[in-house]
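We begin with a single chain expressed as structure tokens, specifically the form predicted alone.
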């Protein structure tokens, strides 16, 4: 088993690191967090330098990790313009891919994914936004909540209900590719979020929006399965977000301790060393789980249990690191960029499946594996 990346990925990581050190200045990070403004120009530079390339998943994962290591808000914002395109890549028609993905991949347009609704996020089968077949088009009505890129995306992959469920609640759901410029679509930007304030998050209101029949992605009624397939992909990248955040916190915590004066009073130095060791151990464990999950996924043999383990553990490692860093740094942490990391870390435990959802998946897969052996 080889734990080293090939030289090409090592060199690429260094390229991303140099970009982040040059472009992710503390002043810029504070500005976009304070103003809750999406960093369009920064996103354009990331795409121009091909730091996020949907055709090369290992490079994309490394870029997400390194950019979030330098600043989670800017890092996540700059790497989500392609969010949701895997659904179109895997299940869309050639015509849909040509019409929409070319513009997204060259930076002319942005994508997003609209699944979560006001009534709940984890209960995907409970989607209430509905689409009525009108012959030559569908008529969509409903609402979505906490949608990343919701107010700035040009296109959204949207999960809606096209028929009443049978004995299984997740039946009757379908995915559509919708254009946000269509009549009947309205986005309201959410402000005052706990963290990742540089990202654009919105509430969506859809009223009698006409969606052409050709914008149905894949087969009608298969939407739940398409979205679950997408989550098996996206959760690996969220694990990379958590890993990058945790590593960035560790970097800053070690630097703080190394710069402490020997005369500083009020610090339990032995306890600080224990905290650093605990953070570092969790970072390394998160890295191994994340890379293992990615290895399976990028070889087209995803392991949902390992993916859920990676996503849950890496996100919780980020939150753990942020809490311990505050204990280590005290007042300094509250007034430095560690305060922003502390706020930004939490979302990784929530989006793309909460830690509780990941644990349910892990438990279900364990029981299923044992039943298969009997």
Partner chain sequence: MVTEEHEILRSTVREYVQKTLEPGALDIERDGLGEEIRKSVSAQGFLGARISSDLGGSDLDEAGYLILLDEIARASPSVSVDIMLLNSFFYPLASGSDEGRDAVKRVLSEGKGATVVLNTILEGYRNEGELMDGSSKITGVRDNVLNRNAAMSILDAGNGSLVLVDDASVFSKKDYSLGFRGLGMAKMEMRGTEFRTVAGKGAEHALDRAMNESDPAVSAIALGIISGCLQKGIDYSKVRKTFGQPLSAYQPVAFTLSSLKAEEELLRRTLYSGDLGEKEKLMLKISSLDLAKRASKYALQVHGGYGYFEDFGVEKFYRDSTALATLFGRSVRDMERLSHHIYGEKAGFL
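Note that the structure is predicted; figures quoted are calculated from it, not measured. Numbering follows the first chain given and starts at 1.
Omitted from view is the form predicted together with its partner chain, to which the following refers.
Checklist line | Contact of residue 327 with its partner chain in the model of the complex (heavy atom, 4.5 Å) | finding: Heavy-atom contact with its partner chain at 4.5 Å: present for residue 327.
Check: With the cut-off set at 4.5 Å between non-hydrogen atoms, does residue 66 touch its partner chain in the model of the complex?
Finding: It does not: once its partner chain is placed as it appears in the model of the complex, residue 66 has no heavy atom within 4.5 Å of it.
Notebook entry, point to check: If you check in the model of the complex, is residue 319 within 4.5 Å of its partner chain, heavy atoms only?
Noted result: Residue 319: yes, in contact with its partner chain in the model of the complex.
Notebook entry, point to check: Is residue 356 one of the residues lying within 4.5 Å of its partner chain in the model of the complex, judged by heavy atom distances?
Noted result: Yes.
Next item on the list: Select, from the options 117-125, 235-243, 172-180, 99-107, the stretch whose residues sit within 4.5 angstroms of its partner chain in the model of the complex by heavy atom distance.
Entry: Looking at the partner contacts, the answer comes out as 117-125.
Next item on the list: Let me know the one among 91, 256, 296, 185 whose heavy atoms come within 4.5 Å of its partner chain in the model of the complex, would you?
Entry: So the residue touching its partner chain in the model of the complex, by this definition, is 256.
Item checked: its partner chain: the contacting residue among 247, 215, 79, 201 in the model of the complex [heavy atom, 4.5 Å] -> Among 247, 215, 79, 201, a heavy atom within 4.5 Å of its partner chain in the model of the complex occurs only for 201.
Next item on the list: Counting only non-hydrogen atoms and a 4.5 Å cut-off, give the residues of 71-93 close to its partner chain in the model of the complex.
Entry: Heavy-atom contacts within 4.5 Å come from no residue here.
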